[in-house]
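Only one chain is shown below, in structure tokens, and it's the form predicted alone.
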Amino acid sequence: MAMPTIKAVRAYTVRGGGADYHDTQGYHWIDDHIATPMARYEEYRQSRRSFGINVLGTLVIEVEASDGTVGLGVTTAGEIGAFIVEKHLSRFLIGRQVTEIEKIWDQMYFATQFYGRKGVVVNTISGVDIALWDLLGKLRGEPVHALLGGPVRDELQFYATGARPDLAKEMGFIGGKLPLLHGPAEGDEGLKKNIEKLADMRSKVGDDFWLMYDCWMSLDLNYSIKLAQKAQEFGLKWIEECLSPDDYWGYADLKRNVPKGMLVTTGEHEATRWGFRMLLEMDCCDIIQPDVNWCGGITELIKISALADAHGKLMVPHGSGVYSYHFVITRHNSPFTEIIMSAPNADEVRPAFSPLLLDEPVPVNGRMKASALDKPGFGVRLNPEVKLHRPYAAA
């Protein structure tokens, strides 16, 4: 049978959960005094939402084939992304064969290069690309991991990011990544509190459980080195995203100056093969952490992973739920993956994109069988109870 063509592209925005996991109400550990680049300003230090981390919201993209099959992609891009999809990117999809994913990606990227290259534009391209892979998998009756070459292991193993690594250990995860609470603006007292938090958690989880610190672009080089040196005593496995993602030179210095055996990781806010080429060729880190919803989608993640493999580096994607699970299980240089604990108190395992998506698999005892990913496409669907808003229509 002939492969269907693409007949429609639709872009919706969603508020209150979904791809933008900061878009929450009430107390949540992810918003509670976490070090950020804006923490240098006291009025924006307590809450990340106070400086607008949730301002974009979720973008939902549907790509419909001529036979009525619909591919689904989500990302963080909100109304800006919806405009880009409907008014610009749709021209590169309508009428195309569903299999033309590589060509469509290339045209979307280079057509937006004059105002894009990174950030919200590449987030949007990522969402479209994810929808295309979902659509192709559904049309072929195969999971996306099969389209990528198939699993190289029988199960995934996870570490958990959240405020309670001690609970994560009880839930069967291999490690816990803490948000760093205090940045350079809080001085030596803040640094002391960061080390005390790590020491307390080490006493609770024992010596063999991984502990990491997520610094979310909030530090300078000097502070990062001091933090790493003081954290060595408590067996910190890695120190993550300490510096601005544009400071490749600082990362190279940091990697040379952390204690022997401690890993430097980054890449959550990097995008495309060109950005990751800089990280890898300048030897900025030990592990790269692209987010498939932000780095360019599955199509670009293939290239980024190959670059990492050629440089002898691991690629452990930033927590992007089922979209990264399908990729990680097909790659030898991605031996484990992340789940962000989306419960307000980090005390239970929830699907990554709840309540937006249904049928998302979740790890059990820190593991997930490959068979949990065997539905066609990415195996998820929109929750009909979630209110979608379509702010634009294609030109």
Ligand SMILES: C[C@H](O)[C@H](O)CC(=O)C(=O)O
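Fair warning: this is a prediction, and the values are worked out from it, not measured in the lab. So that there is no doubt, residue numbering starts at 1 and follows the sequence shown.
The form predicted together with the named molecule is left out here; the points below concern that form.
- Of the candidate stretches 276-284, 242-250, 115-123, 214-222, only 214-222 contains residues with a heavy atom within 4.5 Å of the named molecule in the predicted complex.
- The listed set Val60, Ala352, Ile34, Val328 contains one residue whose heavy atoms approach the named molecule in the predicted complex to within 4.5 Å, identified as Ile34.
- This chain appears without its partner; in the predicted complex, the one residue of Thr266, Asn293, Thr161, Ser305 with a heavy atom within 4.5 Å of the named molecule is Thr161.
- Using a 4.5 angstroms heavy atom cutoff to the named molecule in the predicted complex, all of Tyr21, Ile30 and Ile340 count as contacting.
- In the predicted complex, Arg45 stays away from the named molecule, with no heavy atom inside 4.5 Å.
- At the 4.5 Å threshold, heavy atoms of Gly190 stay clear of the named molecule in the predicted complex, well away from it.
- Under a 4.5 angstroms non-hydrogen atom cutoff, the named molecule in the predicted complex has Pro179 among its neighbouring residues.
- Taking the named molecule as positioned in the predicted complex, the only residue of 305-321 that brings a heavy atom within 4.5 Å of it is His318.
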